[in-house]
Structures are given as structure tokens and as C-alpha cells.
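In the form predicted alone, a lone chain appears below as C-alpha cells.
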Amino acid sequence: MARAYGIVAPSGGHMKVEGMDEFRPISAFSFLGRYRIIDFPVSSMSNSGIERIQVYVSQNPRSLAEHLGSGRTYNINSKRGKLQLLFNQDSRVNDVYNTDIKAYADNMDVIERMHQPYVIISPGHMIFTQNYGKLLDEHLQSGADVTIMYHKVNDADVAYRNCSVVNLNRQKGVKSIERNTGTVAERNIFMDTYVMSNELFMKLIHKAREISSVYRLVDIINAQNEALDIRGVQHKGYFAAVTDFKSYFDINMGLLDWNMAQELFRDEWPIYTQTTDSCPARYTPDSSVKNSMVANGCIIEGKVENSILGRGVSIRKGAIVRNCIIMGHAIIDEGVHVENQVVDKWGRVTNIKELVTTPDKPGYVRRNDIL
């Protein structure tokens, strides 16, 4: 799609996943044992024909850079297209300064050189699929200055607490975008997705910097509501947002439901990711696995139920893993019982024989730690 380039936005300082985000940005989080969250926005852009994609990252970029590589994994034509990782320096003075607007302003020279007349911006902390070609067509046909996407939910009182909500008029014009206060169940959750001309995008960045050093793109869009024609488009299908540790855990576990997973994964809309040339998972005669996702390279000697295992995980003899997310190359040693836990990469549970919490308060084992 030569008319638009894509941006995968940074999550900024308003999304925190305590523990896990010390090692990588949210967009680089492991997802379902095989993917990273970044795979979903980049795959949707690639499937939509967008050949120039910018991915913004500020801190701990190594994991994301290694995963994205040159972009060939995502079926991006290396002659015409480009997947570009762009960096900005986070402020150490106060996290409130770490906004998407600051990231864009730090890379304005790159944005100014983009020859595509339109930009499509998608978040790096939300999981959904979208045909951006159709979204751009809707934007052009409406004649709007800015088109945003929203998703109707009926649980905004207990979820999506760090997200924003969209208030619409009868013509689906955007009246305002405000923080979800959790007081109303049925809301239109703002998907942090925008379509606009690149010229307007640059003007908004400059204007936001003039008004406030802590403005995000949503803030300047809100402030310019009277001056701009802003339209909302409803998203259909699977949608989830990683806003904290509990939401990350729940989203992964929820997709163990086959019907829900089929909403997200469709044959005609592939989700690309890095692959590894490792052997298939190996199950010993004494092992037992139920309702779980097991990646390649795993060795299962114990019992696994309702869990997600990343690549190269080892579940030793007599171990019990229930309702857990075990990331790549982690080890659950002999006779260990873990339940409702997230074990980060290369973690090992060996000395503690029982590590059990309730589903409403899942536990976390840090990367490389030995318990």
C-alpha cells in the first residue's frame, strides 16, 4: 500500500507490567509461547500491503531488535519496503515525560522524509488484527481529518483501567477521548489507532510540544477536537490490551479457549513471527498434558494442565504445572508444583517445591532467577 506508512507506537509511561518490563518493552513480551506482541501489529500492516513500518522503542531494545531483525520474517519486500526500529531516550527525571509525542519529535527527521501521504498508527501493547487498507479507504471516503478505532466492551468497569474511552455522537464523530474510570461497564475502548495525513501528523507533533512537554498524541487530538473532523470506526473481532501484569496473564490464559483463539488466528490473515530450527516437543511415557499450548523444543516428563510453555521449556519428572505461563528455556524441576505463575525466560524453580497462588493474583518468577 503505497499511500500510507505504518507506525507501531511506544506504550509510553502510562502502561506498566511490573517485573516483566524491567527486561523488555511490552511489545516484546512473549505471547502464547511462540509469538511476541509486536507480531500482531506488524503482521496486520504487512498483510494490508504496508511496506514501510516504523517501530518505536525507548528502553531495553535488545529483545525487540533481535526479534524483528530485518523484517523479512513479516513478508516485507526488502527492495521496496523497510522495517525500521527507531529509538528515543527516556527521561530519567520523571516518567511522565516519556510520551509517544516525545518519541516522534526525537525522530522527526525520519518522519519528514516519508514520501507516503498518510500514516497509520497502531499500538504495541494491544492484540488484534485489522485490514488497514480498508481502514484507510474508510478514512478517505469520510473526508475526515483523523480516523480512530474503538472496540465496544461490556467489562470496562473491571478491565481496561489504563485505557481511554471514546465518546461519539450519532454520526460516529468523536466528541471526546477520556481516561476509563471503571465506573461504567459498556464503553468504547480507544484502540490507540489513528489514520491521518502525514502533514497533519507532523503539525500535531509540533503543536503538542508547544502546549505541553507531557502531551501524548491522544491529548493533542482531544485538544483539537473542535478544529478537526475526527471520526470513529468500530473494530470487530478479537481485541485485548496488555495494561498490567494481571491482564497479560489473563489474555494468554483466555486464548487456551479454542473458540476464542479462532477469532484471532485465521488462515487468510497469518501472524508472522521468528521461527527456530529446533526439534519438536518430546513427551515421556509418564507425562500428562491437558488443554495447553506447548512450543517446539520442550521436554515434558511431568504433568501440565491449562498452561502455555515457550520454546525449550523443561518440565522434569514428577513436576506439576497448572494454569501457568512458562517462558522459553525455563525449567520446572523434579517434584515441583507451580500454579498460577508466570516464569520468565531461563528461570528455574528447583528448591521451592510448591509455588502456588490464586488466579486473581498470579505470581512472577524473574528472568534468569533460580528459586
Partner chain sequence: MKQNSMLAMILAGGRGSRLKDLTNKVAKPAVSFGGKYRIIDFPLSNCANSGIDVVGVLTQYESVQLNSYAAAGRNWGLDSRDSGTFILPPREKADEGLKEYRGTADAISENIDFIDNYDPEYILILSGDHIYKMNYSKMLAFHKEHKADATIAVIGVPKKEASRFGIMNTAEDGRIIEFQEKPKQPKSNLASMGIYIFNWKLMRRMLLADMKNENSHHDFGKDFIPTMLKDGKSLYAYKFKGYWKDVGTIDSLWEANMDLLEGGNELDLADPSWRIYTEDAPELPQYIGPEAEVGSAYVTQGCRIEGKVDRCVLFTGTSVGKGAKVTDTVLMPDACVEDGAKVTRALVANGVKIGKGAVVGNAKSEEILLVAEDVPAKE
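Values in this document were obtained by computation on a predicted structure and should not be read as measured data. Residue numbers count along the first chain shown, from 1.
Not pictured, yet referred to below: the form predicted together with its partner chain.
Visitor: Mind telling me which stretch in 254 to 262, 117 to 125, 163 to 171, 202 to 210 gets its heavy atoms within 4.5 Å of its partner chain in the predicted complex?
Guide: The contacting stretch here is 254 to 262.
Visitor: Using a 4.5 angstroms cut-off on non-hydrogen atoms, would Phe245 count as touching its partner chain in the predicted complex?
Guide: Flag for Phe245 set to no.
Visitor: Does its partner chain come within 4.5 Å of any heavy atom of Leu32 in the predicted complex?
Guide: Answer yes; at least one heavy atom of Leu32 falls within 4.5 Å of its partner chain in the predicted complex.
Visitor: I'd like to check something about Lys290: if you look in the predicted complex, is any of its heavy atoms closer than or equal to 4.5 Å to a heavy atom of its partner chain?
Guide: Yes, Lys290 is a contact residue.
Visitor: Is there any non-hydrogen atom of Tyr272 lying within 4.5 Å of its partner chain in the predicted complex?
Guide: Tyr272 belongs to the contact set for its partner chain.
Visitor: Ok, Asp277, Glu226, Asp109, Glu268: which has a heavy atom sitting within 4.5 Å of its partner chain in the predicted complex?
Guide: Only one option qualifies, and that one is Asp277.
Visitor: So which of Leu136, Ala144, Val294, Ala156 reaches within 4.5 angstroms of its partner chain in the predicted complex, heavy atom to heavy atom?
Guide: Only one option qualifies, and that one is Val294.
Visitor: Counting heavy atoms only and using a 4.5 Å cut-off, do Arg72, Ala281 and Thr284 all touch its partner chain in the predicted complex?
Guide: Every listed residue reaches its partner chain in the predicted complex, so yes.
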